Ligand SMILES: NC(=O)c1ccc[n+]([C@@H]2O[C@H](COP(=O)([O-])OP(=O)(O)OC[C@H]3O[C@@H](n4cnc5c(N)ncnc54)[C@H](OP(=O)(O)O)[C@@H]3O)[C@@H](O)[C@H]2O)c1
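Heads up, the chain below is alone and in the form predicted on its own; it's given as structure tokens.
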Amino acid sequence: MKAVLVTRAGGPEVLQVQDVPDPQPAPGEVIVRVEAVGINFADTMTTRGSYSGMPSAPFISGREFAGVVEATGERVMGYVQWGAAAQKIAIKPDLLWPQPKGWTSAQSAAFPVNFLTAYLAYWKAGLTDDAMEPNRWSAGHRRRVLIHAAAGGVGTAAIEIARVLDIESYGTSSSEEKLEKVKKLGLDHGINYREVDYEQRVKDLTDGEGVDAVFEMLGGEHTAKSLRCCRPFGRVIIYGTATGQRHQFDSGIMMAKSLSAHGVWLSVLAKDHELINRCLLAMRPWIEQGKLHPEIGHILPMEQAGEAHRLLLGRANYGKIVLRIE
């Protein structure tokens, strides 16, 4: 079969489509014929050799996918740490879920990482009905969330979920074009961080109050800035480090406003099958009602995996980038 291999640690140029042996399923595994693979920032980190626990090169890239179970014909979507960007994959059924009715494999491959991460961010922020640590307010409180990289995969998913949960959304992006697109998804307030300081803009838009939660995947000084965007008892949910810099914290403002910071790492949480199934069950009615649908900016053939990574690293994407597996 053909697969997208990480031939050595490096940039997009190290990704190559090569012939590899078909996977041999271990006891309890099934074979899925892969039709589409979603591209994530974590994939670029894995290619560079900077992702925790990754194997030595060469290995097959890709972590979320959609296709058909070879033995049954069932249309499924799934999640692994790597190995998805191939014509076939051997996987345990508990890491597979039915494709939503009426969705293509490209749409289904764009769903797991983005929407599970976004839902878990709201869950950890205490903003969902099933939250383990609910953040409760007085009657009439208008809930607010700030979403960084609002035009990205997780960002667009978070905007759609905010609309369903009736949460006022604020989003940052690098261009007015991207902000116009996400406003059509339901974003209430767009902030072009290239033109204005988003911390000050959030204060202006909220009359100095701030937001209840910030979804933060930048790292560095942005973690401290995100904390300063919060109103009392707000929560910053950290799910990435796109800048490559360690997160900085403003402990003074955390104490002054009783703020907290929480981490969400899907690679670890995906092992909790009960939690993931609960998240999917919560989102299922929204999917069936047409309220959630992945935004896909590019669909490329697997031979252009390097170009997919370049688009993501260059912040040139809108929504999800998907590889089509021939």
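Quick note: we count residues from 1 along the sequence shown, nothing fancier. Just so you know, these numbers come straight off a predicted model, no measurement behind them.
Quick note: we don't show the form predicted together with the ligand, though the next part is all about it.
This chain is displayed alone, yet in the model of the complex one of Asn114, Ser108, Ser226, Ser169 has a heavy atom within 4.5 Å of the ligand; that residue is Asn114. Thr241 is the sole member of Gln99, Thr128, Thr241, Thr206 with a non-hydrogen atom within 4.5 Å of the ligand in the model of the complex. With the ligand left out of view, the stretch that reaches within 4.5 Å of it through heavy atoms in the model of the complex is, among 251 to 259, 227 to 235, 87 to 95, 149 to 157, 149 to 157. When contacts are judged by a 4.5 Å heavy atom cut-off, Phe59 does not count as touching the ligand in the model of the complex.
Residue contact with the ligand in the model of the complex: Trp286 places no heavy atom within 4.5 Å of it. Within this chain, Val17 is remote from the site of the ligand in the model of the complex, having no heavy atom within 4.5 Å. Although the partner is absent here, Met45 is a contact residue: one of its heavy atoms lies within 4.5 angstroms of the ligand in the model of the complex. Contacts between 287 to 326 and the ligand, taken as any heavy atom within 4.5 Å in the model of the complex, involve Leu312, Leu313, Arg315, Asn317, Gly319.
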